[in-house]
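Presented as structure tokens, the chain that follows is alone, the form predicted alone.
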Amino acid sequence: MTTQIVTANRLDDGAVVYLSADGRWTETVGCARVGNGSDEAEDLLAIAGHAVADGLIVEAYLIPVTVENGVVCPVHIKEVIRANGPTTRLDLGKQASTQTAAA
């Protein structure tokens, strides 16, 4: 059984987003709604399809994740980078706000 979430880009600003458990689109991968198996994956894509049709997001697709101690983590490095921001400049992207908050 594959554990997956659905990701996309928000149409109005291009931000990476994830379908959350409450049906909204969140920028935080840890808040993503997790689907197990093909039936739940199809449900996630169906919800995303409505958001595409409504012009909220583009390029929705499933990505495999692991869930350890309740923490959702993308499996592939491309999706880790999409979730956290660029790897070359830590002062840009999502990790920049994390560093600011920790300081």
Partner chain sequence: MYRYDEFDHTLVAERVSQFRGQVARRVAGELTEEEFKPLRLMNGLYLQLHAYMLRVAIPYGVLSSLQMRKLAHIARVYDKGYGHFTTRQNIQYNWPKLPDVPDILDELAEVEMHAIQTSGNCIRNVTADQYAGVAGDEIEDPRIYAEIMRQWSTLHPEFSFLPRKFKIAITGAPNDRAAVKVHDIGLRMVRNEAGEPGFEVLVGGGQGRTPMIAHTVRDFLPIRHLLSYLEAILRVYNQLGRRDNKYKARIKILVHETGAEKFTAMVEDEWAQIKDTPLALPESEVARIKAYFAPPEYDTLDDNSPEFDAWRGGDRDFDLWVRANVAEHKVPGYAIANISLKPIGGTPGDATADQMEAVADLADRFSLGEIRVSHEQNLVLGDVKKRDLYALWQALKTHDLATANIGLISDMITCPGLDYCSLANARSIPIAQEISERFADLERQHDIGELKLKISGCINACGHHHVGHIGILGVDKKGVEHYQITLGGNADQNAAIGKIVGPAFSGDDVTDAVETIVETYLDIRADGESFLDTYQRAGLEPFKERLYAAH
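Numbering follows the first chain given and starts at 1. Please read all numbers here as calculations on a predicted model, not as lab measurements.
Note that the form predicted together with its partner chain isn't included here; everything after this is about it.
Peer 1: For this chain shown on its own, do 4, 45 and 50 all sit within 4.5 Å of its partner chain in the predicted bound form, going by heavy atoms?
Peer 2: No.
Peer 1: Taking its partner chain as it sits in the predicted bound form, is residue 21 in contact with it (heavy atom to heavy atom, 4.5 Å or less)?
Peer 2: No, residue 21 sits far enough from its partner chain in the predicted bound form that none of its heavy atoms falls within 4.5 Å.
Peer 1: Heavy atoms within 4.5 Å of its partner chain in the predicted bound form: does residue 58 have any?
Peer 2: Yes, contact at 4.5 Å.
Peer 1: If we define contact as a non-hydrogen atom of the residue within 4.5 angstroms of the partner, is residue 77 a contact of its partner chain in the predicted bound form?
Peer 2: Residue-level check for residue 77: yes, a contact with its partner chain.
Peer 1: Going through 1-38, which residues have a heavy atom within 4.5 Å of its partner chain in the predicted bound form? Please give them in sequence order.
Peer 2: Residues within 4.5 Å: 9, 10, 11, 12, 13, 14, 15, 16.
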